[in-house]
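We begin with a single chain expressed as structure tokens, specifically the form predicted on its own.
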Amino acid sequence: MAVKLIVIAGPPSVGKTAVVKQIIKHIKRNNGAPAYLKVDVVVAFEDIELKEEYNIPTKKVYSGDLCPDHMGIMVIRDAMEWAEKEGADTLIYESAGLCLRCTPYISDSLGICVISAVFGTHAPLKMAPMIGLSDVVVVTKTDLISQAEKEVFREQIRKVSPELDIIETNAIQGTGMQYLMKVIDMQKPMDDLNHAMLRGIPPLGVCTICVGKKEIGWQNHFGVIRRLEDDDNIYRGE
């Protein structure tokens, strides 16, 4: 396997695809060959746009009733083999970004979390797993907030992971992204897919709601349940 894997995660509408475009342009400028995978729930157009704009191999997978991050984990091995067959040296996998708990980063990949500066100063704490397990955080739309707000936002990210690399940018213009490109250039290809693993721990288990039970109230469910009066605010399992 001679393909690098770059995983782009982050909530919807933060500018993930704008970051992807900057990465594609950088790779192509350096005579590289990127491929692109998009996993989403029911509709996505990024694969079509990127194929038309940059003439690269693209692929799209809809998860439907399955969690999109779970779907991504299931198909990423096939996607890496597909990218290699297409002659790509880098696969850019953009997640749907709907789940802040099921982080999609994989060992030996480069995990990039994209987060918008206009989401509010508490946003980094609310998406701690997605941020904390990444290698780099790209903060977009920094041109829309004050310097003081930037500093507060940066400090909130540091609370999640003190050693994390933080890049502040207007992703559409690509300002401030030189360091990210250096990190991408230094990233090594994945050697052995048989030993690739998720970085984070998946959710505790499949609950009865996950398998289709529609009744409301914990009294109608079993296994993984939660009551309003439970003392611990974070569910720890039973």
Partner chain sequence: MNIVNDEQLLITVYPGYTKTGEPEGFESIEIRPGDIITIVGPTGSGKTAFINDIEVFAQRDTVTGRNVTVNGGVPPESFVRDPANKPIAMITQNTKCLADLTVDEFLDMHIIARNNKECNTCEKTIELANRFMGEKIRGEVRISALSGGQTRSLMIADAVIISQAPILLLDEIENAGIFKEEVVNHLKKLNKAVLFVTHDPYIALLSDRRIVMRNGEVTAVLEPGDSEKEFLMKVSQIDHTLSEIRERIRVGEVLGGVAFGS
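Numbering follows the first chain given and starts at 1. It should be emphasised that the depicted structure is a prediction, and the values quoted were computed from it without experimental measurement.
A second form of this protein, the form predicted together with its partner chain, is not displayed here; the remarks below concern that form.
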Counting only non-hydrogen atoms, the one stretch of 88 to 96, 107 to 115, 149 to 157, 67 to 75 within 4.5 angstroms of its partner chain in the model of the complex is 149 to 157
Answer key: of 189, 32, 176, 200, within 4.5 Å of its partner chain in the model of the complex (heavy atoms) is 176
Worksheet item: So, 47, 63 and 81: all three within 4.5 Å of its partner chain in the model of the complex by heavy atoms, or not?
Response: no
I'd like to know whether residue 167 contacts its partner chain in the model of the complex, with contact meaning heavy atoms within 4.5 angstroms.
yes
- Message: Just checking whether residue 182 would be counted as a contact of its partner chain in the model of the complex - the rule being heavy atoms within 4.5 angstroms.
- Response: yes
Classify residue 145 as contacting or not contacting its partner chain in the model of the complex by the rule of any non-hydrogen atom within 4.5 angstroms, answering yes or no.
-> yes
